[in-house]
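Heads up, what comes next is one protein chain in two forms, each shown on its own as structure tokens, labelled structure 1 and structure 2.
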Structure 1
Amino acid sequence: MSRPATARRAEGFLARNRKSGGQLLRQSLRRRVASLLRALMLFGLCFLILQPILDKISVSFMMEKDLYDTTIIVIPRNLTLENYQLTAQLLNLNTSMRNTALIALVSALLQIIACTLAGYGFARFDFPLKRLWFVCVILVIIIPPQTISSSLYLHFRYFDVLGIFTRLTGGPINLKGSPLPHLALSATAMGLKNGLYIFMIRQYFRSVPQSLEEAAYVDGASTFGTFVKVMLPQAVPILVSCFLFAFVWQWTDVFYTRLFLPTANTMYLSIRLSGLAESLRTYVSTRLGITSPPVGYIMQIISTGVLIVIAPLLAIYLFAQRYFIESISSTGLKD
């Protein structure tokens, strides 16, 4: 009767280990210990990322009395959807989500168009002061936008182009209170995180072999035709990734929204979320006659609001995660 395959493999391993003087066993143990440590590290990182979200999901379905029940840790005893209904009302959800989605979508599209042209130019063309301009792109990544908030405010509060508007209307134009500053910055590759998108797209185009463009030139394609018909189809993963980054950052932006739209507090989701606690206090004092709701209840409503805000982003990521993986695996960091 033949011995089991496991026993034969074990005997073969022991024989090879004796011939190697024990080196094979030590290498095998090191690999297994390294795999175990890597698995524990990944589990810990995943837990650190997911645990706050799981806590918020649990709290959002609890009734207020469950918050003060020490026997409840994760699973609510009294399930309810009232928190979501109240939070949607306080966020003015239909209007704020529609306006936020519109401005985030249009801004992201304009950013990707402008950043793609800039990134391709840095990757493929030589022009005067190219290195200096690329240093400026790096500075856009490094320098936080808060440092130029005063300049941005004054520029769009008294907007003029070469004195043209002053001659036509007698003074500069006030663009505050409209989405035009968002769109202008996005269309000129100076919007939120645009330096990062230019850098990523530039690195991707540098990793594409120049032989593809040279073959297109030999076939009679123009520079623009080569860019549109040859290079852009190759760059779909990185463009989709940058578009999703732009959409997500614009979706959750508070800085530019407060700077350019100070009177539009009821229009945009990020602004409504940042003032959710005050909205809840006003609602409770008006409807229930209570001066201030408990702190635990305030945090419960804020957690519910956070889940409502990030839910569309999580759904988008689930459908677009393969583009993230493709862009990361295909983007080089060449000089």
Structure 2
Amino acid sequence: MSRPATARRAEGFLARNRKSGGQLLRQSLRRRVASLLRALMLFGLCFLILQPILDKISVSFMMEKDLYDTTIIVIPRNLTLENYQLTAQLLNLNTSMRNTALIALVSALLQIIACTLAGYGFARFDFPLKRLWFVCVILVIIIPPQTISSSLYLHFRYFDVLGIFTRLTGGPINLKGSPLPHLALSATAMGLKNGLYIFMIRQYFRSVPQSLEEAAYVDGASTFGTFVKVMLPQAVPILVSCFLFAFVWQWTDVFYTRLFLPTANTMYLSIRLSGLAESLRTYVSTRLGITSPPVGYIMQIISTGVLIVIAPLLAIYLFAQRYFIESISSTGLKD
């Protein structure tokens, strides 16, 4: 922008300001200050959220001696990838990443199928006791799974259906080490936060105009056919959102993972991560003969571990941010 132009504009502004009796200047000043304050506040809060992550990134590339050097802040002097190598080894990265990805993918898929069916059923059909069952969905949302975890655990630990297995094998079978209980829960919409997905999907289906289905019915499509061919394509955004939520939350979940999946050699990222300090200690004491690694070092390895675990999630969030946010904002409103 050329100088005369700005000068002319300033002149114009002053002239208008005189005309309004100082009102204009005051107003624009007030607006400037407000937007400055807003920027400061938002920056502060966003920094608060991001700071732990940034901090972990900086620490994870440092060598251990950098931690104790008070002249080093944020930017490491001795860059190294050793932390990543060691942490990957301690996490058993290849196996646990594969297992976690597999279980998260499969269970998220099963959960979404079950939740979509239920959500559609609640949105579009009238049947006896519908209100009661919907209250049950709400119950599923608000009952912490921890409340029933002990009996659920025992249920699958000594699994038996009507005494059949006791007859066949002479005792109840232990399903604890297998992924079966977990998959059974997922396929019946009883996994992590599944009540919420049912609710969200139902809200979405209710907003789709009924005329679409009626047209399909008139054309002679069956109920299920209409659901698959007409309604599912309509609901792709909400299904993607729910799937992503299910995947992401399953990825970091310790509750169900610890309850059912194999505990002997737990090759899941969440479990490995929560036991990371312990495995670091064993590693250090067997390799180096020191009984306990310094606390700073433990924190450094944990930070690296957290970064490794959240890296895929961050990547997903970066590309699919829209799905996460919009699904929430569209369900909060309608009720």
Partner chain sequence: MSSPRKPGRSMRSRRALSGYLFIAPFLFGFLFFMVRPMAQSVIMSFQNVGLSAQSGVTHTPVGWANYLYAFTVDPEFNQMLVDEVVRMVTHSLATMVLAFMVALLLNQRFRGRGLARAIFFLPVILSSGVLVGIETDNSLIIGMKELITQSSNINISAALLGLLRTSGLGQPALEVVNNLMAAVYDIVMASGIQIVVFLSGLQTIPRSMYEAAEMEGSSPWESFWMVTFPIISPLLIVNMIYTIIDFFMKTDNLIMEKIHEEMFINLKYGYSSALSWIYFLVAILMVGISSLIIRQGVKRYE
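All residue numbers here follow the sequence of structure 1, with the first residue given the number 1. For clarity, every value in this text was computed on a predicted model and none was experimentally measured. Rigid core: the largest C-alpha set superposing within 1.5 Å between the two forms.
The form predicted alone is represented by structure 1; structure 2 is the other form. In the core-superposed comparison between the two structures, Arg26 has its Cα shifted by at least 2 Å. Val295: CA moves less than 2 Å between the two structures after rigid-core fitting. Core-aligned CA deviation for Leu54 between the two structures: less than 2 Å.
Taking the core as the reference frame, the CA atom of Leu37 shifts 4.8 angstrom between the two structures.
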